[in-house]
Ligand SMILES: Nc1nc2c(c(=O)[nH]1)N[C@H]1C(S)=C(S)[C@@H](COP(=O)(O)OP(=O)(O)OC[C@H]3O[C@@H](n4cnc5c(=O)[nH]c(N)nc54)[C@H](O)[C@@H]3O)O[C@H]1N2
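The chain below stands alone and is given as structure tokens, in the form predicted on its own.
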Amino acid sequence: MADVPHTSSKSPASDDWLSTACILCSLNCGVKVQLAGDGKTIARTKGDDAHPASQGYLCNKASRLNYYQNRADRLLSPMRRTAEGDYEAIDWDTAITEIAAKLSHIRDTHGGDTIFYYGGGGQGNHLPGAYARNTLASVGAKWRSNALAQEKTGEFWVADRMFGGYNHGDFHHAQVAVFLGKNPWHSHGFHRARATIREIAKDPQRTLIVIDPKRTETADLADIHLAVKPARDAWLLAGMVATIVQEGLYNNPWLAEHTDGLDQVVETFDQVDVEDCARKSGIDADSLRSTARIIADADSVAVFEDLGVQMNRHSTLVSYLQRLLWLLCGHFAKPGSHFTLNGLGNLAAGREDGKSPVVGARIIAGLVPCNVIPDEVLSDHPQHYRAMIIESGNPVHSLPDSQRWRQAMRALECSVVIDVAMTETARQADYVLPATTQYEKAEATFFNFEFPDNYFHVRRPIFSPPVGPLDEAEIHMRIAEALGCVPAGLEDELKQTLETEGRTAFRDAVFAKLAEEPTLMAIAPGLLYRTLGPSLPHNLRNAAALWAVCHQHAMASPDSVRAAGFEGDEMALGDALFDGLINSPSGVIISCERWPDIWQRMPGGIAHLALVDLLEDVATLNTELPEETSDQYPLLLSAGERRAYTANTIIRNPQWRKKDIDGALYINPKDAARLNLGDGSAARVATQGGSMDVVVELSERMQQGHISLPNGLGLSYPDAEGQPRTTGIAPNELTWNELADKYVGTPWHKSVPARLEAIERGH
């Protein structure tokens, strides 16, 4: 099958622009597309002016979306692994019957809690997380995880303990914007990122601060760039908080009214040696202190931490310190500062949910830490994971220690991957089930971090799916049926009620059935897909599960929903909100709030400053002697860096990248000269986890001793002759599971000890 270019040489079929969204980062900016005359390819792309948040803004990557939709590695039939390790195509009935039999056997023999689920996310592909409940509840599965557990759970946990929910910053109005381990020029994180950064940089009344070892594109525009030593952010932030405490710059009256725990924080930071923090962080003490004073004196401050610190040493502590930095100064619950979220669904909950069964790792938001999953499989513990269902994810490639992941996959008694392509993970599975793409079904984004007006976008399908793949909703409902969990005649009964008596009677009938038989909750999402789904306009059947979510949101926040323009009593309000979603092709505002409303969402109406365990860590920073490298591994590798032409791995065709197709390793010229390397040289990078051959690119942006590889490479894709070819380096061939945060297990991908040596090409 020949590759399809990202734009078509044919003229658009019409002048119609179809509304959808980009799926290459968490923002899911609104996109307008025109299809080519064949109706199968995207001919033109532009920003959607009607989208409530992105407002027509679009970065360079969205124009390449056709590489995701039209691909040479599309999976069109269920596949079963043979005894020889190859794959054979099978029909859907055979696949579902065999999978259901194996899962039920494991459940009945060892317990449903030995069946593990990885998924429920994927950039913009979130609705399968709701429909997977049909399968998971039917087999009694308990444990799950997804990509958030290797990135965000430390931050979620800290925010939940301090505020009772996740917080975000109002960067569009902040007088001071701080980016910590974050390069929004490429990784975005808030809408209209590049335009907003330029606006801040040009405004003499505003200040842009970047804390990053690398001189990034955002740092180029910054008023202040604190080029912290790699992995030393905790010392820098502790010194800045200590400056605010020791110089009495904190907002005592505001803190007395809105927080508790100030005395404990002051007592701890009074003892912090700021000069020592400055030395260890690599930032001179005067710059450290003056930056802290700017934050204290500002009218408003918004801080964004990201993977540069969240996948690094002391990551959970850093999440705490940066919050203390602005909270002590009162930069919360006012324009230009920070707010807690009130979205449709909550993917950023940070509650602690016990321990994993084998390793005993702390579980945040129900997510098992990614670093321990292979150990939870490769064990003789009676509760070790024996089966795994993986959906919209590629953990063999994207999680730490790919080699150990491959071992774990092959040790499972049953493994099922649901995806659009034969990914690196799919090639280790017993069964691979083909799903429709994000542009062949209704989808939505749940990372909605806007305030005071928050939005939601239900995307309509713009392509018809080929014969073979199924929506994840249908796949999970078929498995539930094969497990005997769907009562005979129930679908027909609810359909008839909807068709003859309307949505209100249908709603009452559904709620009554669930009250009479609570076990039906196990299949409720799929039941809505089968009954309510076919009645929805614009081919939005896959959005049916959102009907229940809308009712939950309307009941939890009726005032903010009504303020957004929706009307109705307690029950009718949810229906009105749902109708608003499915009839707004570019997205719609779902809640309108005021800044004081934030305090009402917080337990007790206050923020908690003193997290005792993390304050104990602060107290030992000055006695800690950080040494991240060694004689054997003298460099620190950032294993996965966002660049202009990298994104998540759902685009597998390397031709989508206009530059740096092979993903060069960046290195400071002085380090390169010492190692006898030049631009384009071949080198071997080695870590405790493994070694890989790379192409080198010299970059003055890198500090000495710091090297980086891009994310999103190392994927196998058919070449022009149809043979699989791997382009670039998969960073997780170089990482290992023990290199992780002690609290929540997030990996230290941004500071992997490594060595580099020149090699001759072909060796």
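Remember, predicted model here, so these are calculated numbers, not experimental data. We number the residues from 1 along the sequence you see.
Another form, the form predicted in complex with the ligand, is not on view; read the next lines as being about it.
Contact here is defined as any heavy atom lying within 4.5 Å of the ligand in the model of the complex, and by that definition each of T216, S398 and A435 is a contact residue. Although the partner is absent from this view, V241 stays clear of the ligand in the model of the complex, with no non-hydrogen atom inside 4.5 angstroms. For R427, no non-hydrogen atom is located within 4.5 Å of the ligand in the model of the complex, even though that partner is not displayed. For the chain shown alone, K441 is a contact residue for the ligand in the model of the complex, at least one non-hydrogen atom being within 4.5 angstroms. Among residues of the shown chain, R404 is not one whose heavy atoms approach the ligand to within 4.5 Å in the model of the complex. Interface residue among D170, D419, E155, E376, judged by heavy atoms within 4.5 Å of the ligand in the model of the complex: D419. Proximity to the ligand in the model of the complex, defined as a heavy atom within 4.5 Å, holds among H331, K182, H314, R323 only for K182. Stretch 639-647 is the contacting one of 353-361, 639-647, 129-137, 602-610, since its residues have non-hydrogen atoms within 4.5 Å of the ligand in the model of the complex. Residues K61, Y68 of 53-74 are found to place at least one heavy atom within 4.5 Å of the ligand in the model of the complex.
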